[in-house]
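Each of two forms of one protein chain follows alone as structure tokens, named structure 1 and structure 2.
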Structure 1
Amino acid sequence: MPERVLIYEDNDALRKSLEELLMLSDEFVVVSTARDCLSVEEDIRQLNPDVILMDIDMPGMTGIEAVKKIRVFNKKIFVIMLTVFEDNGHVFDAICAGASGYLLKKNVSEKLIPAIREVLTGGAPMSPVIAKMVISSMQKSSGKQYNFTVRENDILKLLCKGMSYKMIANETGLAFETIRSYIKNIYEKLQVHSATEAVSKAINEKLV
């Protein structure tokens, strides 16, 4: 049984060629195409696609907004984003919104069918540059911008687990007042004035 593909792409020529490309293979059937994704929810309920090809820039609603909307009611449909640029912000937004893969338009002719096959078998197709961006975003920020001492780092780690001063004192075996003075130093180095700020900054900047 062929996989059901739904296409959203506002460029008429590209939309046509995507459709034709897929029609050449009997693995796939294009259940519908559209130049905007305003009716995406309705479309999905009616057409029950397995895979959606979604342009990022479209009039009315962007592809990223559409993915968010889809994920509210459906976690299983695979959505492959199509884009011209390997643009940092858009890529991350789309991935966080729940995209399954990321295809550059310039590579569409060779990569489209392999990419669809890849998502269907549990993969996440993306260009090498995007893969690198994703990996980089997960890596610890080289660590030493704030010049924490070993102890300060330990205590920040415990603070980030949500522990109170008392609990940290118990956990480390240090005196309560010692913890307090370490935390004062940590705040000074992080340039913050509360535990929540410190935790927020530490986690978001991957300091721990």
Structure 2
Amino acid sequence: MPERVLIYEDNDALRKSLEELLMLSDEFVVVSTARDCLSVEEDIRQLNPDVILMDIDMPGMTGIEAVKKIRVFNKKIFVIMLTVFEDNGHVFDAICAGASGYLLKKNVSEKLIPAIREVLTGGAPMSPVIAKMVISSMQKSSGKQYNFTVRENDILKLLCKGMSYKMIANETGLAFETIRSYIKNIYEKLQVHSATEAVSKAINEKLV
């Protein structure tokens, strides 16, 4: 069954290109497109998308504001931000607000489908520039303690770099199922249910 994709992009040509690219693959179906996200809550409840492609700068409501609104009532849906500049503070703000990752508009033609596949398998696509900002934010002191083991803390940092379970297994040399077990423990300690929630909470609470 194809994954359901909802697109918010105010550039008409790019919005059409995104839709056409996804239509070339039988992995995805575009349930709707819009040039603003003013009705995002109603859209999600009616269309039940699996993934949202969200422009950061849109009229009426920014993509960052939309992500914050979405996370109030839906913690699990994947939201990939679309942006022109990779080192923009707005991208970092979007990740902190609960975005699953981001995609540079100039790379859409070759990286759109891989980016969607990545979030669907537990990854969080982001560049080394933004990943470094995420880690830097995490390394600041926090009042909350979750009693992570050293290994759990290392794996949480790798999650925040946008790595999937498979990538973390390759990086650490541990078995895939071992990584799955560690991440399950991390989720339980953070009281979250997805990589997106874990990354968002780690950033917002400046966890080590």
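Nothing here was measured: the structure is a model prediction, and the numbers come from that model. Between two forms, the rigid core is the largest collection of C-alphas that superpose within 1.5 Å. For numbering, take structure 1's sequence and count from 1.
Legend entry - Number of the structure representing the form predicted on its own: It is structure 2; that copy is the form predicted on its own.
Inset, instruction - Take the rigid core as the frame of reference and indicate whether the C-alpha of P128 shifts by 2 Å or more between structure 1 and structure 2. - result: P128: C-alpha displaced by 2 Å or more between structure 1 and structure 2.
Inset, instruction - Establish whether a shift of 2 Å or more occurs at the C-alpha of T62 between structure 1 and structure 2, with the two forms superposed on the rigid core. - result: T62 C-alpha, core-superposed: shift of less than 2 Å.
Legend entry - Core-aligned C-alpha movement of S17 between structure 1 and structure 2 reaching 2 Å: Comparing the forms between structure 1 and structure 2, which are aligned on their rigid core, S17 does not shift its C-alpha by 2 Å or more.
Inset, instruction - May I ask for the C-alpha shift of K161 between structure 1 and structure 2, in Å, based on superposition of the rigid core? - result: Looking at the C-alpha of K161 between structure 1 and structure 2, the offset is 26.7 Å.
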